[in-house]
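Before any questions on how it binds or moves, here is one chain, the form predicted alone, in structure tokens.
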């Protein structure tokens, strides 16, 4: 397995690029790349040459997360301004604006069925669930406090929810917190199942393996990339190699490789079987906030690509093989 650098768009945004996702291809459009930045904009890119298709404004503070609906027709962006903007990918028309309390909108993810948008709730120590038919709040998955602990500002801060991930079948949801714990929920029953432990610092990124829904991969400020058996509640692989915080993680479509972005300015490719990084890409000049593999399928797609975004205001694309 390896990554080959394809192209970089320098100055993609006017400030740090904090988030990226792929918009799946459909009959009307091939897969496109979506990015969000501290410059308050969301941009849509053609991955063939990283040419800019459209700039979306509408937030009044930095954009912390972007998510694409499985249909490829709808996307959402979350900002420090405490709003989630849902918009039509082709027209940029606003479909819905979802409002939360201050510091309660962080990472966003649509479920695989496209019926629910999960929003990591930051200081609320919960994940909010919005249906995509009417854009109404239909559920709140709250992280239980340990027994005997009285609610205080301190305990609430530790459970600040930064990241969220859906299992491939959409039945489970996992979220990562500031204190390093990962919480797993049964979504249909709105039931907390258990915590996964092994990190001692914020968990900023989580992803389930696309080919094995029992496997959850996490990235943390403690410098480790962990792999958990969600059903067995066990940590079975912990890998280190970055010299600083691991800010983002994704699993390749074939499930064989893991990519990470770090504040050490590198993108790394990991082989879980070897339990080690097999490649380090050094084209970014500042911390790498997002990495994401292009989803399989779509017209004209012959190779798997990986995108990365950084505080250096750039986007890079690589070929994975």
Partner chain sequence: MACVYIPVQNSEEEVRVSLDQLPRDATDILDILKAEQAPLDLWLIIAREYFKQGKVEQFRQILEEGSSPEIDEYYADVRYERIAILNALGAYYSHLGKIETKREKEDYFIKATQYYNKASRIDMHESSTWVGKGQLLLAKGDLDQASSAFKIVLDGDREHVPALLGQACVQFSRGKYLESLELYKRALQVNPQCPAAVRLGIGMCRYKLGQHEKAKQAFKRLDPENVEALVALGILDLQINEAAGIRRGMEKMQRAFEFYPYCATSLNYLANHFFFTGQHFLVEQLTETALAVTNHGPTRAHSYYNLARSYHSKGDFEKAGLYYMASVKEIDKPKEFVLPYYGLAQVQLHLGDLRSSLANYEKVLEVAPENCETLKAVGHIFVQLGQSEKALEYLKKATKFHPRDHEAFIDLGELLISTDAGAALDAFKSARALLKKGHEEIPIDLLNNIGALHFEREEYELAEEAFKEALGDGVWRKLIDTDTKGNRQQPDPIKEALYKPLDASASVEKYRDTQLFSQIEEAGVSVELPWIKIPPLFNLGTLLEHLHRTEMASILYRLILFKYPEYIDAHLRLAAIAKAQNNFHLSIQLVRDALKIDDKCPNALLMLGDLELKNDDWVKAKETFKAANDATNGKDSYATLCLGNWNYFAAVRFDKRNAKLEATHLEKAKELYTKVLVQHSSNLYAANGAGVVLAEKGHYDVAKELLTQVQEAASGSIFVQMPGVWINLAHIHFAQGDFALAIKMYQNCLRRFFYNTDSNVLLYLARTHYEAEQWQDCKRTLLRAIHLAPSNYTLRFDAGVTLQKFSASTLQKTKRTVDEVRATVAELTNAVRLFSQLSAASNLHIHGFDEKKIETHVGYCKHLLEAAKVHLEAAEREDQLNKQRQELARQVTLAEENRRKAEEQKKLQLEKRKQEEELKQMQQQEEHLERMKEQWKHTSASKRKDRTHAEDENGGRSEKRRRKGEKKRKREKKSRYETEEAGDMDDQEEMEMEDEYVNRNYKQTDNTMNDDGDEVDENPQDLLAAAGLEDSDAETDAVENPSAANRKRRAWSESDDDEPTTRHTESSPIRENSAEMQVSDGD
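Residue numbers count along the first chain shown, from 1. Computed from a predicted model, the values in this text were never measured in an experiment.
There is another form of the same protein, the form predicted in complex with its partner chain; it is not shown, and what comes next is about it.
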Query raised in the report: Is there a heavy atom of residue 38 no more than 4.5 Å from a heavy atom of its partner chain in the predicted complex?
Result: yes
Query raised in the report: Counting only non-hydrogen atoms and a 4.5 angstroms cut-off, does residue 289 reach its partner chain in the predicted complex?
Result: yes
**Report entry** Interface membership of residue 26, its partner chain in the predicted complex, 4.5 Å heavy atom rule
**Finding:** no
Requested in this report: Using a 4.5 Å heavy atom cut-off, state whether residue 47 contacts its partner chain in the predicted complex.
Outcome: no
**Report entry** One stretch from 26-34, 248-256, 66-74, 274-282 that, in the predicted complex, holds residues within 4.5 Å of its partner chain by heavy atom
**Finding:** 274-282
Report summary line: Among 162, 207, 143, 117, just one has a heavy atom within 4.5 Å of its partner chain in the predicted complex, namely 162
**Report entry** Interface residue in the predicted complex among 185, 130, 166, 228, criterion: non-hydrogen atom within 4.5 angstroms of its partner chain
**Finding:** 228
Query raised in the report: For the stretch 233-249, which residues lie within 4.5 Å of its partner chain in the predicted complex by non-hydrogen atom distance?
Result: 233, 234, 235, 236, 238, 240, 241, 242, 243, 244, 245
Query - residue 102 and residue 288, C-alpha gap in the predicted complex relative to this structure (3 Å or more) - result: farther
Report summary line: Taking the shown form as reference, the Cα pair residue 39 and residue 102 shifts by 3 Å or more in the predicted complex and sits farther
